[in-house]
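Consider the single chain below, provided in structure tokens and representing the form predicted on its own.
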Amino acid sequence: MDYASRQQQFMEFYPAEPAFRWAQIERGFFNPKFSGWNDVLNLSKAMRQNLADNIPWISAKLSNLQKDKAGDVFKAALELADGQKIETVLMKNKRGQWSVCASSQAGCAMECGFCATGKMGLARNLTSDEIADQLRFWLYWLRENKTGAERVSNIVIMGMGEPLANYDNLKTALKTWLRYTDIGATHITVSTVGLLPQLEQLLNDQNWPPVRLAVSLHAVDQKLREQIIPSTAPDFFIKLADWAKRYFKKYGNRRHHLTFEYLLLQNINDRPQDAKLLADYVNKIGRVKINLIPYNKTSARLGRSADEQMEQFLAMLEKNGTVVTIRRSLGEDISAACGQLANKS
């Protein structure tokens, strides 16, 4: 099976076409009014027919769609050309617009103890087309289903997979979104467990787009984090703190903070001493926002911190001078919330 991008396939068919031709086509991909190759009228009729016969307009097709009880969250299982399936989520945000949660891999190799995707193992990386087309899928879906709020204003790469383990394809997809949509860089967030080599790579990559980053911390004790996230590198917190300070020198400004995500697990990492460790660690680094995440039920034998415990944890962090929020848990009733994506209806 050939996973070459559509652009590579197009150039194989039409090597003499000028470079701007593909840019015109790609702009059409993100026009919700276009439904297929026949709508790209700046191409000849013969070209449109040949492309329709040989290159899919979109790299995935809908396999299953679910809606939560409130009608604010939709989860789509998409089937790729080789039969692999991924999940992507559409969520209504506080602005009354929509956020898309996109996947970067089919499955995941990180084996995080709280995450259903991690129990699947890794099937393969997604191509840049397969990542970018998850946004296109929802743009087309919104056009056809008239929800009253058609605009996608935010993208989070928090679906299936570890995004930075698919660095090159992720970067290409991010740049595609920034080039052909009105979604700005600070409205796109890449979530990572903290792969240190790739974090160093993006820090030195002059072509890395200035999107926001969210690092999944979940503990500040090395041994405890290794239990929660087996892929944790030795001396992780020392190296991450050093990296974060250099990150702020390059990217830090009023709108470009760094987020540390912290999943609260009952009687594991939600104690007062855990909050104190977290606050002390963050305050040594600088402009970090903490995002507390309630645990969403999976097959793992883990408990969700009580609401009162979460509020106490948040209050202790605020008392110690940190910027902190608790993430709203959306779509749990259709297994669309954080850590639940595993191709299960």
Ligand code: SAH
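In this text, residue numbers run from 1 along the sequence as written. Nothing here was measured: the structure is a model prediction, and the numbers come from that model.
Keep in mind that the form predicted in complex with this ligand is missing from the display, and what follows is about it.
*Asks:* Any of the heavy atoms of residue 87 lying within 4.5 Å of this ligand in the predicted complex?
*Replies:* Although this ligand is absent here, residue 87 would stay clear of it in the predicted complex, with no heavy atoms inside 4.5 Å.
*Asks:* Answer with yes or no whether residue 29 is in contact with this ligand in the predicted complex, where contact means some heavy atom within 4.5 Å.
*Replies:* Residue 29: no contact with this ligand in the predicted complex.
*Asks:* Any chance residue 281 has a heavy atom within 4.5 Å of this ligand in the predicted complex?
*Replies:* No, residue 281 is distant from the partner.
*Asks:* My question is simply whether residue 294 lines the interface with this ligand in the predicted complex - judged by any non-hydrogen atom within 4.5 Å.
*Replies:* Close contact exists here: in the predicted complex, residue 294 approaches this ligand to within 4.5 Å, heavy atoms only.
*Asks:* Assess the spot marked by 8, 58 and 175: is this ligand within 4.5 Å of a heavy atom from every one of these residues in the predicted complex?
*Replies:* Looking in the predicted complex, the three residues 8, 58 and 175 all stay beyond 4.5 Å of this ligand (heavy atoms).
*Asks:* Report the stretch among 134-142, 203-211, 187-195, 74-82 that approaches this ligand in the predicted complex to within 4.5 Å, counting heavy atoms only.
*Replies:* Among the listed stretches, the partner-contacting one is 187-195.
*Asks:* Any residue of 112-135 with a heavy atom within 4.5 Å of this ligand in the predicted complex counts; write them all down in order.
*Replies:* Contacting residues: 114, 115.
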